[in-house]
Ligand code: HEC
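A lone chain, given as structure tokens: the form predicted alone.
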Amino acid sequence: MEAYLQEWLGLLLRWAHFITGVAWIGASFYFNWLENHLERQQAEADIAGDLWAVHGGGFYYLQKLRAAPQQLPQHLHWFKWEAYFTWLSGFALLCVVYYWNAGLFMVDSRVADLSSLQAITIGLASLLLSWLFYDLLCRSAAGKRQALTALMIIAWFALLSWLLSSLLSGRAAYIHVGAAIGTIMVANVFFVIIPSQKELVDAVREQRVPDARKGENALLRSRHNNYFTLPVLFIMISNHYAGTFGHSLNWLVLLLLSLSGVGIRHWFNIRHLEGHSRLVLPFSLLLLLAVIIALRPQAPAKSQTVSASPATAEAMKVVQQHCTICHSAKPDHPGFAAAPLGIVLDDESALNVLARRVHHVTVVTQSMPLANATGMSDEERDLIDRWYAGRMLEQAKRSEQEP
């Protein structure tokens, strides 16, 4: 019953996290696009820019004021709850999925011999330390230099990715880097952006000049959040792709894919400007392509022969010992009420159908069994590898014999 309740809690929280995240990031993307496409006004002193748009069968006309209005409107819309609920639902999901079963999802004895409490402490510390480092950096003299700030942020997350990948399972390392970025983003909203907007509103009510420094700082943090979005979105889906978090250099894979995402986001932000660098997008896409090529699976050695490969029955014994505890019609593992991802390996026919996937996660990425909880040995992985190579050779021979 506990696994069943946990599964439903995870589903509902993930759903809520996805919905609120779409609302938050969607608003961020929209206002960034709006700012970039305003028709700047020269004649009207009070209007900084305006924009005509058509959507949903109607026309819209938007204006941005150069300064605050003389009087506040009756209804003023704020954009903050999307950010708050995205983080709250995400943190709750982190607790349900990772901290509830930390020994299974966070601890990998092949990486570091940690207790569940130690792994959780490391995860929570990564969130707090990331915000403290980032906030102190932005408030320092170095924070006034954009290029230096960007390099130091990249250096921090490169270090964090490496450290977490050296202590936690690959999946847990990735998700905590994403949670650290998400914590920075929502803290920017809570501690900097919203207080700046409150100061602006209070200044209008009190008929005084608002503090310009708060507005400039809020704009800077909002821009940072905009660049953080694509790396965070990648990390949100990365746990479905063991080829990334399961790689021996998973921290570097994460760093390069994140840099590619930042570059793509930057191109969208500057493409409307005259004289912008046209190399940003192709370089970012080439970096993405380079990672894809570098992670490609290696072909089995030509020296392997069908006669040397184990029979499917031998491979099935390994699968039954290490995989079917979770991947069964009725899992024995207390953490799962149903087979993860619906993958059931109860018999040889199912194993043959899912041979490529089994080989990929047990041999290529070695991301399964999860955190190697059942202790699959190198010899057993080698058996799966030779069995799969034999199947591939058999299929190649049959293809050659067919007319």
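For clarity, every value in this text was computed on a predicted model and none was experimentally measured. Residue numbers run from 1 along the displayed sequence.
Quick note: we don't show the form predicted in complex with this ligand, though the next part is all about it.
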**Asked** Using a 4.5 Å heavy atom cut-off, which stretch among 177-185, 138-146, 190-198, 102-110 contacts this ligand in the predicted bound form?
**Response** 102-110
**Complete:** Among Ser377, Asn36, Asn352, Thr374, just one has a heavy atom within 4.5 Å of this ligand in the predicted bound form, namely Thr374
**Request:** With this ligand left out of view, choose which of Ile47, Val364, Leu345, Ala337 has a non-hydrogen atom within 4.5 angstroms of it in the predicted bound form.
**Result:** Leu345
**Prompt:** Can Val54 be called a contact residue for this ligand in the predicted bound form at 4.5 Å between heavy atoms?
**Reply:** no
**Message:** Within 4.5 Å, heavy atoms only: does His240 come near this ligand in the predicted bound form?
**Reply:** yes
**Message:** Under a 4.5 Å heavy atom criterion, is His266 part of the interface with this ligand in the predicted bound form?
**Reply:** no
**Item:** Distance check, Ile120 to this ligand in the predicted bound form, heavy atom within 4.5 Å
**Value:** no
**Item:** Partner contacts in the predicted bound form for 325-352 (non-hydrogen atom within 4.5 angstroms of this ligand)
**Value:** Ile325, Cys326, His327, His333, Phe336, Pro340, Leu341, Ile343, Leu345
